[in-house]
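What follows is a single chain, given as structure tokens, in the form predicted alone.
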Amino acid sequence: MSDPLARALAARVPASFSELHPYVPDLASFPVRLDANEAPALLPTLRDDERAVWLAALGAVEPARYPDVRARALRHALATRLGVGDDELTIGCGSDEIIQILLATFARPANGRAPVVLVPSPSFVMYRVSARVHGYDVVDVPLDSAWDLDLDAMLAALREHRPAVVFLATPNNPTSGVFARDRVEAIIEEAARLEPPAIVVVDEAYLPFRLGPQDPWQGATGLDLRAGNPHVVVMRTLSKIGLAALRVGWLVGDPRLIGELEKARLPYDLPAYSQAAAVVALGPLAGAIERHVATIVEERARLVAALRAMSAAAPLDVGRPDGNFVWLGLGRDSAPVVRGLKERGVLVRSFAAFPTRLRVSVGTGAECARFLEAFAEVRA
């Protein structure tokens, strides 16, 4: 009799799993890691009184008890900050869990075919991974030459494939730029005309780094797009602003949708320590977080200016940086550059589908200086 596990795996594991791989980042030790779009360390930037608030919040958590299943304190803090109702929020372990919850909820086949997820490409990889895990077909629509939405192609894909869910990350990862607001609005309008309509997800994980005097949306956000559009939802997270360890993400949507999403959310999914820390981050430590974001934005400007100065000697495509990272075009194969940076203790992110490009996260001033020094050496 053949191996029963082998027979079970062959019969039961979805065929889509064959194209997937576990996410395993480079686990080697590097003095400078600029590969994961993490913010620089937050705790060293806190004043003594701010650090005391942080420690007190964590110290008040009783580890023998399950976390609040509704995350009521955090839910209220978020609702107050965002100007929405408590019943307009689903909170989970980072954007990854929110994506899983949303796709689990909308996985019902329509018109006799598997549900479809529509995504611009390139974009956040977990849209595709989660969609395939949940049995969706994925339709990728390449971005235009300026790394913005190709509106005609997106609208055509909407009409042809009638997706259940459309993901729009703005600012986009890995390209860093914000999508044109009028293009996003046109996609939202077309999604509403479909039968059944598509849910449009405006993912604003990097929103804090976009806001400012140069913001092409002039301060408007995905929340503004929800007016009169109940099929629009907005995702955000604390992960990119110095709180990645908490794994706190959320989705804002119509209460009717939230009621369905909550059925798919696992109980006790968000740890009590994460809830407690997030509450103080949104309240008494909000000023410290804003300082941290402002420092990252300033360092981003210095990094971009330095890279553009380097371009005078040998062309570089720096792109529009609206996130806490830079989408850097080298004009040649990036593999030798990546190897050279690693040899010098600097890790950045490369992409097999875009072999001439790198994604470089904004680190501390010292980290960015070390990257620039190493980059100049390996480009020579």
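Predicted, not measured: the structure shown is a model, and the values here were computed from it. Residue numbers run from 1 along the displayed sequence.
The discussion below concerns the form predicted together with a small molecule, not included here.
Chemist: Taking the partner as it appears in the model of the complex, which of 78 to 86, 237 to 245, 251 to 259, 304 to 312 has residues with heavy atoms within 4.5 Å of the small molecule?
Modeler: It is the stretch 237 to 245.
Chemist: Can you pick the one in Pro208, Gly222, Gly94, Pro122 that has a heavy atom within 4.5 Å of the small molecule in the model of the complex?
Modeler: Of Pro208, Gly222, Gly94, Pro122, the residue with a heavy atom within 4.5 Å of the small molecule in the model of the complex is Gly94.
Chemist: Answer yes or no: in the model of the complex, does the small molecule come within 4.5 Å of a heavy atom in every one of Ser334, Val338 and Phe375?
Modeler: Negative, none of the three is within 4.5 Å.
Chemist: According to a 4.5 angstroms non-hydrogen atom cut-off, is Ile101 in contact with the small molecule in the model of the complex?
Modeler: Residue-level check for Ile101: no, no contact with the small molecule.
Chemist: Can you tell me whether Ser130 touches the small molecule? I mean in the model of the complex, with a 4.5 angstroms heavy atom cut-off.
Modeler: Ser130: no, not in contact with the small molecule in the model of the complex.
Chemist: Check whether Ser274 has any heavy atom within 4.5 Å of a heavy atom of the small molecule in the model of the complex, and answer yes or no.
Modeler: Residue-level check for Ser274: no, no contact with the small molecule.
Chemist: Can you tell me if Asn173 lies within 4.5 angstroms of the small molecule in the model of the complex, counting non-hydrogen atoms only?
Modeler: Yes, Asn173 is a contact residue.
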